[in-house]
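Before any questions on binding or motion, here is one chain by itself as structure tokens, the form predicted on its own.
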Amino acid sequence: MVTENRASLCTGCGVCVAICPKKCLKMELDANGFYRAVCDESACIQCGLCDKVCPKFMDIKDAEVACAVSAVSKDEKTLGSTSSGGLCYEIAKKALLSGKKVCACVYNYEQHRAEHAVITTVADLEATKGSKYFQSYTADAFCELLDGSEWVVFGAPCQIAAVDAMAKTKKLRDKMLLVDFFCHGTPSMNLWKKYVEEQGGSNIQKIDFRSKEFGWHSFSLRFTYQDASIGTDYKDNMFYTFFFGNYCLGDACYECHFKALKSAADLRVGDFWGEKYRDDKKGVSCCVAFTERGRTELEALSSVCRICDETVDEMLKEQMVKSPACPKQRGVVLKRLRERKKLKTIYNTTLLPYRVKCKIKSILGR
């Protein structure tokens, strides 16, 4: 049973909500901006299914590698409008054309949040493009995974591990191709909400996540507003500063069970960072197949993707293979994000002095 003393362990994957037979669980944002499972204990029958699928209680080992590849979509439009090499889009498109359903992350512009949705047409697949570096609300979509259809499910490693456990419990795993990714972690939704409000909030009509306007290696966000004007946040992007500095990730992210090759998925995807593709401007996906089904899936994509064999070592060189350390300033940052302060102000008063102090210590140490 999900209880308050386990709240900090919750990854917010939402699978416990999907599998609960009494529907006594729901996902709510806590004060710090993280999705948590909340239980109506009066309706709970102590069946234990929520614990059975919870990723924080899993002992995940390094998965066996069936193959490792780089992949780039042969369609220039797809390549230009996706965050990496377009591999995930091509996997999903192939699934839809063969009559399967896709469950993937989209952006809800009314609530300004990421959420998983059920995709049944190629036209609707457009909304899944772009890496969204914050938690997605999954509960509603994940409930539909139990309908007996054939699915391709994309998600963070903790989300996919929980879906894998649910599918096995319900004897539906053979109907699912599961795809996770090399995950950095997920920051507080309070960070994203504050950031998007500062960028225009309700006036934003479209967001290009991981826009390639300045090349694949850049991390920029491109906003289209209701008056058709366009703005790009590239240099000194406050969202990425807080995110990549690990200043406000979820509790579970600092003790992640799913780094490097620890996965319950058929495929793990990501950007092929590192020296080998340093000069590439358009984007290259990396992918590890952990199952024979995953390997077969990659082989079937050779007509729409340029696929090359790679070594796992080369692929992992620039990935986060260990959990990040929790910064001393995290508690203060989370508190400030709850207040009516601008991100630049929080940075200047909370993070900048801390970073300068660390820099001076490092110089003196040398």
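Just so we're clear, the structure is a prediction, and the values are computed from it rather than from any experiment. For every residue, the number given is its place in the sequence shown, counted from 1.
The same protein also exists as the form predicted together with a small molecule; that form is not shown, yet it is the one meant from here on.
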> So which of Ala156, Met189, Met176, Ala141 reaches within 4.5 angstroms of the small molecule in the predicted complex, heavy atom to heavy atom?
Replying inline: Ala156
>> Between Ser131, Gln199, Ser211, Thr291, only one gets a heavy atom within 4.5 angstroms of the small molecule in the predicted complex; which residue is that?
In response: Ser131
> Taking heavy atoms and a 4.5 Å cut-off, does Leu87 contact the small molecule in the predicted complex?
Replying inline: yes
>> Is Ile204 near the small molecule? Define near as a heavy atom within 4.5 Å, in the predicted complex.
In response: no
> in the predicted complex, does Lys276 have a heavy atom within 4.5 Å of the small molecule?
Replying inline: no
> Hey, in the predicted complex, does Ser285 get a heavy atom within 4.5 angstroms of the small molecule?
Replying inline: yes
>> Within 4.5 Å, heavy atoms only, one stretch in 163 to 171, 147 to 155, 222 to 230, 93 to 101 touches the small molecule in the predicted complex. Which?
In response: 147 to 155
